[in-house]
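Read the single chain below, which is given as structure tokens and is the form predicted on its own.
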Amino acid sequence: MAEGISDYTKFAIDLRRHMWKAGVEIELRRLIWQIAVMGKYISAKIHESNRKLAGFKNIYGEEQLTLDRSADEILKNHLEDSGFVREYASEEREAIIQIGQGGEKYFVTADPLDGSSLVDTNLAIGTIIGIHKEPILTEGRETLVAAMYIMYGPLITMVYAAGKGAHEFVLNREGEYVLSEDNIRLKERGDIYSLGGLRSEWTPGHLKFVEYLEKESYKLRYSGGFVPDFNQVLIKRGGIFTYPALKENPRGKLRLLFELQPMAFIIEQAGGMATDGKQDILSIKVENLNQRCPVYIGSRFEVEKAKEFLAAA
């Protein structure tokens, strides 16, 4: 062990060892590790694009779009060379693309940089990944075999689930992802909530649900970024994130394939729930890449309570 490495690092469990001990299939754990490494490159690109570091005002619009595309290219290029991925679908692309030779085992979906509009305000953003064992637009919950997200905040953290619980890792100073939270389990009931959409656009059932949360003294925590707000619910062991159906937009805002399915997979592995207000997110058939869906995701009590208010409206 190199001189100067902390005692914590000496005894920490790194990502590859954790997946091996958990019995994750060898090709899947190699793929998860490769994607985690890509987070280092995406983080570097975020810092490069943020002109505040150089003392200049960040010019958004084209700069932001360039950052999204750069993150997408990093993922696509590295997955293309991985040898494990046959098809790649990204929120930044209009169609699924074949990146393998046709015999590879996995199909990957990505939101390369969720919340990129928050970069100039120095808020946390993230990358969301779904790993499927069947072609991406196949119906049914069994297509997802793993999901993960990487969050770029004060620390770079990564949460993955591969059918054996949800686990958080932090990128340390030596460039290794080391275990921070093993087998995260949500409480039955939490005490925080994150709300998307304008209050004036909420439906009556959703409004009554929010009024219930307010009456019960839940704490509002909302950054405007799906990854950090979801992460807070997970790491704080409970609560709810919701972006509901709106009066003028009944399909909500978030994309089913790129954002909601992977996070639903993770939350279920942590003992929570994810629904559109009626049915489980992982039971909804994905009919097209840009399909959007309302979401209530978090600990079981709050999600079930939301379903009650929506059904009664």
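Note that residue numbering begins at 1 and tracks the sequence as displayed. Just so it is clear, the model here is predicted, and its values are computed rather than measured.
In what follows, reference is made to the form predicted together with a small molecule, a form of this protein that is not presented.
The stretch in contact with the small molecule in the predicted bound form, judged by heavy atoms within 4.5 Å, is 114-122, chosen from 207-215, 114-122, 148-156, 98-106. Note on the partner interface in the predicted bound form: the residue among 163, 224, 135, 83 having a heavy atom within 4.5 angstroms of the small molecule is 224. The contact with the small molecule in the predicted bound form, taken as any heavy atom within 4.5 Å, belongs to 254 out of 286, 254, 46, 282.
In the predicted bound form, at least one heavy atom of residue 259 sits within 4.5 Å of a heavy atom of the small molecule. Taking non-hydrogen atoms only, residue 91 approaches the small molecule to within 4.5 angstroms in the predicted bound form.
At least one heavy atom of residue 241 is located within 4.5 Å of the small molecule in the predicted bound form.
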